[in-house]
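Take a look at this single chain, the form predicted alone, given in structure tokens.
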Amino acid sequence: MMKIRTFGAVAALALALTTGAFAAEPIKIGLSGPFTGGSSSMGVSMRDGVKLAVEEVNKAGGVLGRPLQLIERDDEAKNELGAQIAQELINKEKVVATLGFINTGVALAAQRFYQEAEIPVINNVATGTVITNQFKKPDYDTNYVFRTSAYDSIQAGMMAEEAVKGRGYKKIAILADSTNYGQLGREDLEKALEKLGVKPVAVEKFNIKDVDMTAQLLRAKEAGAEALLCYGIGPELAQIANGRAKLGWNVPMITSWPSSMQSFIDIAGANGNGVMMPQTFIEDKTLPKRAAFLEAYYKTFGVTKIPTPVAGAQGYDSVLLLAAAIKQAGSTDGPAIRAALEDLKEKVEGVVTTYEKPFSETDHNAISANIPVFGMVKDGKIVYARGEDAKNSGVVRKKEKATN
């Protein structure tokens, strides 16, 4: 009984520290992501970025004189669990908005409940192109799904252009995992290559938790592939890098953004060096806002690097955008928050970019194609792949008007 009481006292103290000396009822914000399992380095980084921003907002007085309170749930990267959590957050916890979703499949399964309840959801990591198009006009009058990550058709276009235009390769192999994320990404890659007049010489599939990619790689090699374009998450992408090294096949490997995950770096080791991926955020301190974010993250969570920097940064920014929208709306009413997000008047300085009118009624993606750059694995870290991008890292890349 003493342990229970002690735990309760600690929890109460933590809430008091987070929400400050507020007398007003807190504004409940849902936070859903995989905090355990193979996707956890993305989920934990996102969660901690969100928590850091919430703490900063509350220290500055909260929103509408009320503290933000996170209601966290671990979806374990499972579609069904994500859908159950969405219903719990809406019906039991009465959240006014939700942040999160790492996995495209979970987002697609869960966000329809927010749409029906007219509660905004900001996807801050999931990248499936269809995510923000699931409830678009003319089939739906309003769309409650927003995003602060670079959607897959942006990434696929970057990957294809790097291989074909940047390096002159015509024989491309695609390796993609069997999830919604991987297969939708594969479709985007094939479309991007088709625009460049290239048909892949091999298209291979693998499953989550596969540890031997030899068969897929051998088929790609026998087809004469000059480069590998890969869509998956850290652990499996690392197995591709290891399999490539095992075969002594030193072809370029360009992946979707999750090869920046710590799990990729840990599993691939030296075999990951040189692997490239699109990134909205590189862990550097070239801008004051980014430096403050990184220093606060390291100090608060006792680390020397963010396990998945992109997820942490995008999670942090999603809070700032939501807080600005609630403030502008002057209300926690779902339709009012959605309308404010679609016509956000405040310029919001984030760590990925500075957001000026990030959304509109027809465009719910905050990131446009000019913002991501190529990162590269180098000796256990993600660095700028191109010297020009490193040189210009102190320049904020702002959203272009035309986007998906």
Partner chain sequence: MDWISTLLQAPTTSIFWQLVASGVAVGMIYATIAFGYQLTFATSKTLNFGQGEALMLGAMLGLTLLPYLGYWLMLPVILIFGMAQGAVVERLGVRPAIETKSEFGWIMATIALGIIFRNMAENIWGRDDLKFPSPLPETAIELGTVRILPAEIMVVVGALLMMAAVETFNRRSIYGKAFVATSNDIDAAGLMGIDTRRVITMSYAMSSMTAAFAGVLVAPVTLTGATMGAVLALKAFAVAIIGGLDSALGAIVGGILLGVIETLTGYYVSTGYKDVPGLILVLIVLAIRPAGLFGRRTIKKV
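These numbers come from a predicted model, not from an experiment. Positions refer to the first chain, counted from 1.
The same protein has a further form, the form predicted together with the partner chain, not shown here; the description that follows concerns it.
Colleague: For this chain shown on its own, do 205, 210 and 247 all sit within 4.5 Å of the partner chain in the predicted bound form, going by heavy atoms?
Modeller: Contact check passed for all of 205, 210 and 247.
Colleague: Does any heavy atom of residue 226 come within 4.5 Å of a heavy atom of the partner chain in the predicted bound form?
Modeller: Residue 226: no, not in contact with the partner chain in the predicted bound form.
Colleague: Might residue 374 be said to contact the partner chain in the predicted bound form, defining contact as any heavy atom within 4.5 Å?
Modeller: Because no heavy atom of residue 374 falls inside 4.5 Å of the partner chain in the predicted bound form, the answer is no.
Colleague: Using a 4.5 Å heavy atom cut-off, state whether residue 36 contacts the partner chain in the predicted bound form.
Modeller: It does: once the partner chain is placed as it appears in the predicted bound form, residue 36 has a heavy atom within 4.5 Å of it.
Colleague: Do residue 251 and the partner chain come within 4.5 Å of each other in the predicted bound form, heavy atoms counted?
Modeller: Residue 251: no, not in contact with the partner chain in the predicted bound form.
Colleague: Of these, 292-300, 218-226, 142-150, 161-169, which stretch puts a heavy atom within 4.5 angstroms of the partner chain in the predicted bound form?
Modeller: Single hit among the candidates: 218-226.
Colleague: Quick one: of 133, 214, 273, 331, which gets a non-hydrogen atom within 4.5 angstroms of the partner chain in the predicted bound form?
Modeller: The residue in contact is 214.
Colleague: Looking at 320, 267, 201, 198 here, can you tell me which has any non-hydrogen atom within 4.5 angstroms of the partner chain in the predicted bound form?
Modeller: Residue within 4.5 Å of the partner: 267.
Colleague: Can you tell me which residues in 149-170 come within 4.5 angstroms of the partner chain in the predicted bound form, by heavy atoms?
Modeller: Residues within 4.5 Å: none in this stretch.
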